[in-house]
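The data below hold one chain only, encoded as structure tokens and taken in the form predicted alone.
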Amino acid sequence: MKTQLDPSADLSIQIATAIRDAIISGALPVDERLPSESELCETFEVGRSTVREALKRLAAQSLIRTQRGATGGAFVNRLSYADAHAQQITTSTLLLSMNAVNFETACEARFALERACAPLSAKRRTPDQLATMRAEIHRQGQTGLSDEAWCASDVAFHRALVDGAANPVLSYQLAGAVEAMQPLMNMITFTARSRDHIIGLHTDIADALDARDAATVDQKLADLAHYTTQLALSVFAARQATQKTS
């Protein structure tokens, strides 16, 4: 574990990074007890408050857990996909909002990832997941459904499709694609989209999954990707026209 610190940078971040790297490399295995605060202070030649701040950072990332008592201390956590799910969404949202990623690039990535789930979902989807998708389609057709509620239902529909692949690694990787990218896409396209058209595509996808028809699922997702991209282009064109006349 790297113990040489740069005094010109934040020491607690450097310590947290060093411990995190040791966890990732396997040098500190799951359920291993970390050195005590005193030992860490001596190792990194820093004060106790700096070590405690580093440990708080690691705990916030679910990398360590603390236990009280005579046999307590800080231990390497067994991180689950469920624990990391929210972090993946937050990271993806920040990356998209803070960087100049254009809509077409984000849309291309999101649907390419989701289409990778099509053959697995067609093979493995459960009746409950199909029922969830049908329920969300019904909800999307309700009169007076707000844009916020529509977005939530849209995400739930695609989340069920992804989870139908029964692959936790794919579900984790797609958490950012579906639950971070999709709301941002909805924010851009909601003024121009036809809910009925999207409901029709959702219905076709659910029907194809029910029939275990992977090719049709993939085609309908491709159709949805094309429709979404065209919507965004029309919105951007309308904005530019408005700016020129104002």
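Fair warning: this is a prediction, and the values are worked out from it, not measured in the lab. We call the rigid core whatever largest set of C-alpha positions still superposes within 1.5 Å between the two forms. We number the residues from 1 along the sequence you see.
Although not depicted, the form predicted together with the DNA is the subject of the following passage.
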query: One residue of Ala22, Ala225, Leu11, Val235 in contact with the DNA, assessed in the predicted bound form (non-hydrogen atom, 4.5 angstroms); finding: Leu11
query: Site test, Glu37, Thr50 and Arg68 vs the DNA in the predicted bound form, non-hydrogen atom cutoff 4.5 Å; finding: yes
query: Candidate stretches 217-225, 28-36, 203-211, 189-197 - the one whose heavy atoms come within 4.5 Å of the DNA in the predicted bound form; finding: 28-36
query: Contact test in the predicted bound form: Glu42 vs the DNA, heavy atoms, 4.5 Å; finding: no
query: Close approach of Pro119 to the DNA in the predicted bound form, 4.5 Å, heavy atom; finding: no
query: Residue contact check: Val46 to the DNA in the predicted bound form, 4.5 Å heavy atom; finding: yes
query: Heavy atom of Leu174 within 4.5 Å of the DNA in the predicted bound form; finding: no
query: Exceeds or equals 2 Å, Cα of Ala54 between this form and the one not shown, core fit; finding: yes
query: Core-aligned CA displacement of Pro168 at least 2 Å between this form and the one not shown; finding: no
query: Is_shifted Leu11 between this form and the one not shown (CA, 2 Å cut-off, rigid core); finding: yes
